[in-house]
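Listed next as structure tokens: two forms of one protein chain, kept apart as structure 1 and structure 2.
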Structure 1
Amino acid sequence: MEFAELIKTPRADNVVLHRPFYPAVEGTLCLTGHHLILSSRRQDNSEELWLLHSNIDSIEKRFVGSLGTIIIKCKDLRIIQLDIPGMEECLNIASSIEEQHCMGNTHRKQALSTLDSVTLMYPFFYRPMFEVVEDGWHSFLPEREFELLSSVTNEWRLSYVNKEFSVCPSYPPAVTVPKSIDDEALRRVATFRHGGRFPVLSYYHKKNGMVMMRSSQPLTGTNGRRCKEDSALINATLRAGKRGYIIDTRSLNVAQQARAKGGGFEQEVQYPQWRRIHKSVERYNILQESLIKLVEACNDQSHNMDRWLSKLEASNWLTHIKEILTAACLAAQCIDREGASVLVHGTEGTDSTLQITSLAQIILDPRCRTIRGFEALIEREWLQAGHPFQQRCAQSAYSNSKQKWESPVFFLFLDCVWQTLRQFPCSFEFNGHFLIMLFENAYASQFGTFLGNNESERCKLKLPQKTMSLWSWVNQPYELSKFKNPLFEANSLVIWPSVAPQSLQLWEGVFLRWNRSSKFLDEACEEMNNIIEYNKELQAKVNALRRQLAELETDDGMQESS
């Protein structure tokens, strides 16, 4: 294995680890192929820090005399400092980490096609220490999801037109489309949509039979190219005499400009039954810059309140949250309140489109607020829908290297879910930790779930055979217990979050996680659990006693009658 060559100094003694709110720890630092490990030798306080190289976003070196200091900034936003005695050792370790760190990211530096470097990443080496009861790679198959749909409607079919990923490279092999549209028509529609992403079913609203579809932009170009199969496809989802809404996640201006590059939008004349709404949601590097600014504001050590608020404002992070949530509420409103079907798309249909369609489902569908349902949603609307995780999550807020495709699209989605959870604290089966865990794993993980950019790549990498699924680990009862919201009371209602600025808050669990002590908040969570656990315990006892009494009383009655 070529890892060994990259590790110049595999081990250093008397290294001191500094983290905010914890006492400094002295110990031995070890570098392995995928981890940085610091273990303290003190018996009373044996502590180990394991850090995945792929979690490292940037490294800084400083020297004071012969004492070297390495500051490691992680993708999960944590910052740690290692004091390493000996200049040479320090330099060696720093460069080894950098090499390791770069190697994990080579897919970015080299061409995406060189999948080889991905296979050097930790998920391909990770061996689980737990027994796999349920293989997460098979937990959320499209066939299973389709079965659920078939129980309520027969207007849809599962098409394997993309079996070889030849019609649309970023779609999964199986997609749900209107029954009346055959595969041949789908192939033609694919040529009319950006990246071949023809309209597919995203969500079926059982309450009124309305649907949400998603796609990419139509390739109308400047000369107004049209495709009759395209309109036939989306019209097939309309009830007689009903109109639908197309939610375009770009401003009208941007959509018009897209025509010059061969893209475009649905013109009224060709889609008379559809009403188009432009709801602009920011994308790509604007979002990445927003993240960088926000994290910088959170790490600002100054005592100046005005500075904090103005930096928070300038980051625009909460503005993006408001935009995305508003667009999702709009889509949900069209479906639930207006009783209309909806098609959502932006340009590629792999980013803002997915934010909108998945959040709308959380608002509309109680199932998506359960743990299993939310996992299924991520599988359906993000992984299989072809959100390019590997590109988007290659760097986080600290990286100095030039950005390319990085963007916290999924991160923003998780933040929006957290905002909704905060407003409806009893309506979600999972808690904030669950969302944080997903954030961490999307950026650096021992599991293969978020590797690759789409199903086609995952297939080529043979991820299901060669790596462990995140869901296999999460869905074990012990792990799940940490992610359960004790306040959860299933309700079948549509939940409408407020998008007023006064209602949106900084996601402290992620952004302030390493900057403030969470001791007292953790205690509060624990107390909440205790209150509810004790209640359940009593309920069980009372029920058992009732049963016992009932039995005894019948016995009694029988004796009496005998």
Structure 2
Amino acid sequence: MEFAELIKTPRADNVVLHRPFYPAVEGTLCLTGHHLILSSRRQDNSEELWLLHSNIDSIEKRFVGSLGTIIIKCKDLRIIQLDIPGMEECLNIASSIEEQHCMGNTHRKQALSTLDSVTLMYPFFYRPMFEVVEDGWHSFLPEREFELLSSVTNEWRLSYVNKEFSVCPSYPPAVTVPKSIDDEALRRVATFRHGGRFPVLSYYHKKNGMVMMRSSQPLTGTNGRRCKEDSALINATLRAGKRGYIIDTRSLNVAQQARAKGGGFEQEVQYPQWRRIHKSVERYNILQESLIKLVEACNDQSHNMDRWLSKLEASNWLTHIKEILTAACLAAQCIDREGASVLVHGTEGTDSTLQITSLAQIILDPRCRTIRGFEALIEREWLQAGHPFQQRCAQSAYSNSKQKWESPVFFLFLDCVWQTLRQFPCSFEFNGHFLIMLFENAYASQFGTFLGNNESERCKLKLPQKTMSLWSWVNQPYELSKFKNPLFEANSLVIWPSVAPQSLQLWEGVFLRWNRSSKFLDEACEEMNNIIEYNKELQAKVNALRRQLAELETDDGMQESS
């Protein structure tokens, strides 16, 4: 195997591991094709560390005499330290780790041009130790989602116009479109939208029949190019006499600049039934720099309160969360309160657009606040919708290499969900650990779910045949129990998260979990679970006693009448 050739020193003894909240431990370090493993001589040689190379974000080397130290910074924001006796051995190990780390990142970054190299990543070699009860690759197919839609409306159809990925390389083979629009019209609209991403259904609001669609920008250019099929497609979603809203996730200035490059936006002259609203949401390297600044502030234990608050504000992370949640609330408000349909797009329609459409559904749709519904949402609005996970998650907050496509778009979405969960703690079936698990697997995983940048790439890589789905593991009853929110009570109402600055908080469960022990919080959660379980038992006893009392009263009544 290619990876093994890069390992100069596959094993080293007397290595000391330092990591958060654990005492230092001495053991044997082993490097494999995909993992860095440290096993202790204590506790019957039990495994102390098992780290995927793909989880390594950056490496630093230090030397004091003949003792070498390697500091490994991980994509899940952990920092671990290895003390290795012998300078040469330390250099060889560091070099081997760097080679593996660089190779892994090359796979992630250059996935479009070197798809074959992705097949060397760990998900293609992982063999599950659990019994696979459900194949997660088939749990959330578009056909299943369309069945749910068909039960409430017959105005839509499932189109296979993109079955060969020839109309739009970043769309799935099947998409939901208005029944009145034929496939030939869809092909024409695809030539008028950036990357072929013509408007498709994102969400149907059962309460009033309004819909949310998503797409990429129209290619109007400076000449004001138009496409009558495009107008017909989005007008097909409007009720008689109703107007719709186009939410553009770029500022007006950025949208106007896009026209000079052949892009643009919908002119109201050509779309008279639609009102365009610009809600600027940042993207790309601005978000990546924001993450880097925030993690740096969280790891700096030296500063005082003023300095900490200043650094937190300078990162702009909470500002980005506010922008995204505000735009999502606007989309939800148009649909639920204004009774209007909505089209959401930015430039490509693969980043900020998906943040808005998915968060709006969490606000509007109780199903998306269940574990199963949230998994379906991620499949539908992120994976099948063509968010380029392989590119966006190639680096995290510690990488020293130059950024290209990296951006914590999905990470920010998960943070927005956490903010909403914190404000409505009884309305979500899942807990914060569920969101953290998704963050970790998006950046480094033994599962194939987040590999590739779109369905076309996943199809070429044959991921469903060659790798295990994350959902196959998550949806086992034992694993699922860890991610359930004990406070959950199904809430059929729309929930409106506050975006006031006072309402938004740092997600400590992610950003401070390696700096501050969660022991007491975990104990409090365990005690809360015990109280809730005890309450359920008492409630069951009360119900049983009430039934007995009712039966006795019935018996007494019968005896009196006789």
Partner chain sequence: MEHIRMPKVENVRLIDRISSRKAALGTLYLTATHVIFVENVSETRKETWILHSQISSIEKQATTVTGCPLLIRCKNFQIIQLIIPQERDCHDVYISLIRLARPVKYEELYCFSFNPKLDKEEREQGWKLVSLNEEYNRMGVPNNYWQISDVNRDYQVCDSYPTEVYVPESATAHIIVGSSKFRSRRRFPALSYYCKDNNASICRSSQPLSGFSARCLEDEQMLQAIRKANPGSNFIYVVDTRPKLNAMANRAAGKGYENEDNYSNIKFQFIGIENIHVMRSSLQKMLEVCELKSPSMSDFLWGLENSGWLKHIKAIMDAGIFIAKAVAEEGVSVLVHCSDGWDRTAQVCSVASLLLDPFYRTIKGFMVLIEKDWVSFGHKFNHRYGYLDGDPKEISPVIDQFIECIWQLMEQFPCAFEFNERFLIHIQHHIYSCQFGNFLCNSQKERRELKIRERTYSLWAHLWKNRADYMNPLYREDHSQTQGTLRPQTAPCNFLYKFWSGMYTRFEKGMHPRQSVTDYLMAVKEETQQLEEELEVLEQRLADLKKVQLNNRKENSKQQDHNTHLGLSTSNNSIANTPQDYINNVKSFPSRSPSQGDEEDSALILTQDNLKSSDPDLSANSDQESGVEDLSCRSPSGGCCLPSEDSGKDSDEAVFLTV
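What you see is a predicted model; the values in this text were computed from it and never measured. We call the rigid core whatever largest set of C-alpha positions still superposes within 1.5 Å between the two forms. Numbering for residues begins at 1 and runs along the sequence of structure 1.
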Please identify the form predicted alone: structure 1 or structure 2?
2
Cα displacement of Leu549 between the two structures reaching 2 Å, rigid core superposed:
yes
